[in-house]
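Have a look below at one chain only, the form predicted on its own, in structure tokens format.
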Amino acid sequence: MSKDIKIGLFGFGTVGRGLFELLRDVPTANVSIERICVRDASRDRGVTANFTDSAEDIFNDPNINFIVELIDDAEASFEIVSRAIKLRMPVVTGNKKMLAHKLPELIKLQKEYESTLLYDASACGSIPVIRNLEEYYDNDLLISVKGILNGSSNFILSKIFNDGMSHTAALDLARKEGFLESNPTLDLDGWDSLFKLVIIGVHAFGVYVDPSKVFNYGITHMNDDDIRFAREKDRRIKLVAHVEKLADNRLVMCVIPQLISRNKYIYSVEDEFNGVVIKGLFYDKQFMFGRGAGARPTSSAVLSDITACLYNYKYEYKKMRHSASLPKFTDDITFRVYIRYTDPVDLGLLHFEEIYESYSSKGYNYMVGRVSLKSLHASREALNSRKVFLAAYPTD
């Protein structure tokens, strides 16, 4: 593309403002923001910029040759991104919810219109996990990708376990620091991690799995009893996303809190940082670590996507080409979980294949046992409504 990138920016929230300030404070040759589309162009935002509330002002501006979309509305995001692709304008997006639901369609559009869509910033903040999966792990040696993909929930858990803060106080601090989505349930209930995991699955294994098929559970219902249990077992609770190819060419995916032991890499990933463990045949485990939330880390990843277009970089989706040999998604596996419940009726929501440990008192009840991922998925809404907390509890 042209060596001068003239950006039409959609969105001026945490990341959009972060990108604007990054380019203002650390000028990047050949890259500038021409116009910014927001909901209300009349509102004073404390900066001097060319604001508009009309998408047409951006798409009809002859000086603009690049689109950056950083809004939190998934439907509007798709309209912007698909329109840019059809106009053969390179586009960068950070909207992981939109990508997780629309990626197959966007891949087809890119091929049809020979255009470029980049979104490394959507997955792990400042960690270039997508580009690494595309370029370095572009073979069949990859076994699994596992880690902390949501810096906001990790920040909250760090403050609870390390600083003794209450869940509410940690949540308020995360909001104050600008780490939370506008809808915090996206972070706390594991949706943000789920959307990122779906995107990663495409680039890691060439398999797109609709988000509705993947089990996710968050930390909203975690309480002091669960924290005390973790400490007694010398573990920490982390919200973990996991995709793995099994030996029989099946693929499993889930997002769930885990009771992590000290010997795991992600045990020591703290605050708003993300940590990703990539495991493969012959090279065993590799660990990527970096900030996963906040204006500057995420906007720096957006800028990396932008400047990559100066060199005509694009995702090739190499693994998706070999459709006959791709692993098949399944949730037909079992694993050990900890479940804290209030009413014995809650246990009826799950079928325990084995029970290893149980405790019951007037104010605290829990069970440790083996359940199927399929049964967890089928009972997700009921478990949530009854405010049950559950966590994967690996033996090591």
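The numbering used is simple: start at 1 and walk along the sequence shown. Computed from a predicted model, the values in this text were never measured in an experiment.
The protein also exists as the form predicted together with a further copy of the same chain; that form is not presented, and the subsequent description refers to it.
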> Using a 4.5 Å heavy atom cut-off, which stretch among 204-212, 100-108, 145-153, 300-308 contacts a further copy of the same chain in the model of the complex?
Replying inline: 300-308
> Candidate spot Gly94, Gly218 and Asp331, all three in 4.5 Å heavy atom range of a further copy of the same chain in the model of the complex?
Replying inline: no
> Considering a further copy of the same chain in the model of the complex, which of Lys285, Arg250, Lys233, Arg175 comes within 4.5 Å of it through any heavy atom?
Replying inline: Lys285
> Pick from Arg131, Lys264, Lys159, His242: which has a non-hydrogen atom within 4.5 Å of a further copy of the same chain in the model of the complex?
Replying inline: Arg131
> So in the model of the complex, does Leu373 come within 4.5 Å of a further copy of the same chain, heavy atom to heavy atom?
Replying inline: no
> For Gly190, is any heavy atom within 4.5 Å of a further copy of the same chain in the model of the complex, or not?
Replying inline: no
> Does Leu281 reach a further copy of the same chain in the model of the complex, with heavy atoms at most 4.5 Å apart?
Replying inline: yes
> Does Ser77 make contact with a further copy of the same chain in the model of the complex, using a 4.5 Å heavy atom cut-off?
Replying inline: no
>> With the partner left out here, which residues of 109-146 have a non-hydrogen atom within 4.5 Å of a further copy of the same chain in the model of the complex?
In response: Asp120, Gly125, Ser126, Ile127, Pro128, Arg131, Asn132, Glu135, Tyr136, Tyr137, Asp138, Asn139, Asp140, Leu141
